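Next up: just one chain, as structure tokens, the form predicted on its own.
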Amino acid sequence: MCGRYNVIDDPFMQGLMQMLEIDASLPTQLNIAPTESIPVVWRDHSGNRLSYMRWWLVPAWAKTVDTRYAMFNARSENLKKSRVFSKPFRKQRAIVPASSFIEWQQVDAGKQAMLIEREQAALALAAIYEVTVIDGQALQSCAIVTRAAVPEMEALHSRMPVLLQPSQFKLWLDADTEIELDFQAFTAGLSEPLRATPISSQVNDSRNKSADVIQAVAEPETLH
């Protein structure tokens, strides 16, 4: 799953935004949690666009914003058959730029928060979005697409966000192209190593947005 992530305004994030053809810098946001407003890249007839969307998808037919059902993640295996996710998967795919994401590993003492990142690049997380009209106002919302964890990640968590490669950006954002469930990003192994770093338990409180939340408490491990 993906329940927290970070955006850091650094050269890696700036390089990703250039690859996404977005002429904008993203301000640093730490310990981002579901229901918050997040930067999302999507495409229309004029090209790639950047919008801030609610991270918790609201179905197109909803009359109110509801958090009874966990819709901040969308399982890749269910995208075609889900009543909520099937239309966005066909026509409203997006990318969530991220510097890192957080998973909680089960250990003897409980759960240890782990910061997952690439060593020399930002992450492009596959997402889908919806536009819902509530009380006459259009609300854009999104869900991050997840998949079964690659073997290198299984010890940390059974699920992980779908990580897109630059060669897949155009296809993923193209609403005129249908993507099947055997899409390589849903099934492939790691294209490059990830780094997993144990971090402070302060991250457990989503209200904590200080830099301390991503402070390492032990040496990182390279997943490859």
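If you're wondering where the values come from, they're calculated on a predicted model, not measured in any experiment. The numbering used is simple: start at 1 and walk along the sequence shown.
The protein also exists as the form predicted together with the DNA; that form is not presented, and the subsequent description refers to it.
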{"query": "Option touching the DNA, based on a heavy atom within 4.5 Å in the model of the complex, out of N204, S210, Q14, Q215", "finding": "N204"}
{"query": "In the model of the complex, the residue from A62, L50, L30, L26 that sits within 4.5 Å of the DNA by heavy atoms", "finding": "A62"}
{"query": "is_contact(Y129, the DNA) in the model of the complex, heavy atom dist at most 4.5 Å", "finding": "no"}
{"query": "is_contact(A74, the DNA) in the model of the complex, heavy atom dist at most 4.5 Å", "finding": "yes"}
{"query": "Any non-hydrogen atom of F101 within 4.5 angstroms of the DNA in the model of the complex", "finding": "no"}
{"query": "The DNA contact at S141 in the model of the complex, heavy atom, 4.5 Å", "finding": "no"}
{"query": "Contact check for R4, A70 and Q106 against the DNA in the model of the complex, heavy atom at 4.5 Å", "finding": "yes"}
{"query": "Candidate stretches 38 to 46, 168 to 176, 184 to 192, 155 to 163 - the one whose heavy atoms come within 4.5 Å of the DNA in the model of the complex", "finding": "155 to 163"}
